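What follows is a single chain, given as structure tokens, in the form predicted alone.
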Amino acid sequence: MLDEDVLQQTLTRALRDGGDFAEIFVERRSSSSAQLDDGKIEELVSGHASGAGVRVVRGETTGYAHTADLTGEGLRNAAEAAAAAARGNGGGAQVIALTRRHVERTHEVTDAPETTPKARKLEVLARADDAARARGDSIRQVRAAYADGRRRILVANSEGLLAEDDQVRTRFSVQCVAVGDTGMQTGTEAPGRSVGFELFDEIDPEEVARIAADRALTMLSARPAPSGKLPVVLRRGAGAVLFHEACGHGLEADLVGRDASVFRGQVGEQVASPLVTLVDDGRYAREWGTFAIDDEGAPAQRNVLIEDGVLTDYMWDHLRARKEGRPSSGNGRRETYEHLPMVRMTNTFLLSGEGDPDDLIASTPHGLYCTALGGGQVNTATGDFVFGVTEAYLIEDGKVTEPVRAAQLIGNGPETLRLVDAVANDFDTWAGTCGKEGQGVPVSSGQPTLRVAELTVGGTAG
């Protein structure tokens, strides 16, 4: 992506006025998207962007500058600006010898999105629209969207690292609005993978549309959700976002270091049920948060955060790991070259257990069965959370019965982990964008069907 001599000269320039560490992050992006709304193509766009960020660290001070000018002069100016922001005493030239690191791709892309004809991308949107509307006259609005992106990155630093990665992602979503006697209800389904257009060899656009439409139609007949403390069964994949938000963020080392995590100082302690093993794995399958290297050049890896209920480690970026004298866990991520990296999750999931999901429900006399969650809020310092439920059903006498609407799950992350009392042997994932301090990055979360012995359900039933 850039000549090695230019990278070496830029790093030398960055450290000329004194500094402990310097890094160059280069990024080239391309993307395309299409959206169909009510049977018409409303949007068909593509874009390209490229640039570089230069980071200089001296003691506790970090200077950062970014530029869209990838010439030697542009990078030199960025290096000088970053160095000025972190300037201290000392200085002098420092020669950087770069060693290119071999990066093993997690998987191969077989159908590159940039070579896929636009007509094929529009075709899957039309197929989804037809399938959703075929579910019944109550479906009044269908919105289908397709998006793909390719992101090539290069990382070089003053420790001699030079590494590159090529990341491709494709996503498809369908949102349906159903109208009935109880008003208007919405259903959404949005699978995504770190693959090219071969995503559609694995998913059926019609099936995605049917799931979204049926979700909206089901909620038309739903009764108001009950209120109170109930056992809650989370269907495989459905509760993943809850554990991502309520537990995962609290295991990020930057929040731990700022005393903004309820898990601070608890490594080696029992923080969850013995049935819970929580993993973050940037190389897992071809999930939405998968890559070969993170945005600081560290190889993605599998990190066990909680094992059999015991907190074993946090997630680390390069600088915080360097300060602690330990290796990075491959969790340094940034939205674009315009942003500083920070500790972020990749693919975070609870491992499957040994129980049968049907038996798990049958052993629950009364409770709530959640099959889709919406957005939520969490206080990482206390672990308290509130999540909306977009699809749920009552469990009565060990059977899933009536759908309910307008439910919220209210609880505390560590307490919820301790109250997991049954874990099934199935598994599914959820793909999304994780927001933190104004930056969004692709992530996935996953979990088997499991039961939390007690959660507060906020409903509207009298």
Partner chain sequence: MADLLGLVVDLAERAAPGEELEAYASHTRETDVKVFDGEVESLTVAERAGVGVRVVIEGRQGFAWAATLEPEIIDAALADARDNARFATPDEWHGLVTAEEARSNDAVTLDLWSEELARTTTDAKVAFALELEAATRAADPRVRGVEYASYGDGLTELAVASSHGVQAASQRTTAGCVVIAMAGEDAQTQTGYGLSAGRAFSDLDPAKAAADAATRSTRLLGATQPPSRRLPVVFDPLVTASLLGVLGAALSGEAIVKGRSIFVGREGESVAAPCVTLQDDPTNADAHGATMHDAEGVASRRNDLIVEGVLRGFLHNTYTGRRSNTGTNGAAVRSFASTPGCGARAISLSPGTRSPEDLMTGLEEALYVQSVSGLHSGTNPVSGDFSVGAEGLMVRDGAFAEPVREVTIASTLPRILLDIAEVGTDLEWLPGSAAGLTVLVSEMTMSGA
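Numbering follows the first chain given and starts at 1. By rigid core we mean the largest C-alpha set that fits within 1.5 Å across both forms. None of these values were measured; they are calculated from a predicted model.
Not on display, but discussed next: the form predicted together with its partner chain.
Contact annotation for the candidate site: 196, 202 and 395 all lie away from its partner chain in the predicted bound form (no heavy atom within 4.5 Å). Interface residue among 100, 366, 229, 326, judged by heavy atoms within 4.5 Å of its partner chain in the predicted bound form: 229. Proximity to its partner chain in the predicted bound form, taken as a non-hydrogen atom within 4.5 angstroms, holds for one residue of 304, 147, 386, 362, which is 386.
Contact annotation: residue 42 falls within 4.5 Å of its partner chain in the predicted bound form, judged by heavy atom distances.
Although the partner is absent from this view, residue 408 contacts its partner chain in the predicted bound form, with a non-hydrogen atom inside 4.5 angstroms. Its partner chain in the predicted bound form is approached by residue 375, whose closest heavy atom lies within 4.5 angstroms of it.
By the criterion of a heavy atom within 4.5 Å, residue 421 is excluded from the residues contacting its partner chain in the predicted bound form. Residues within 4.5 angstroms of its partner chain in the predicted bound form, judged by any non-hydrogen atom, belong to 254 to 262 and to none of the other stretches in 268 to 276, 326 to 334, 147 to 155, 254 to 262.
Scanning 58 to 76 for heavy atoms within 4.5 Å of its partner chain in the predicted bound form gives 60, 61, 62, 63, 64, 65, 66, 68 in sequence order.
Taking the rigid core as fixed, one finds a CA shift for residue 406 of 2 Å or more between the shown form and the other one.
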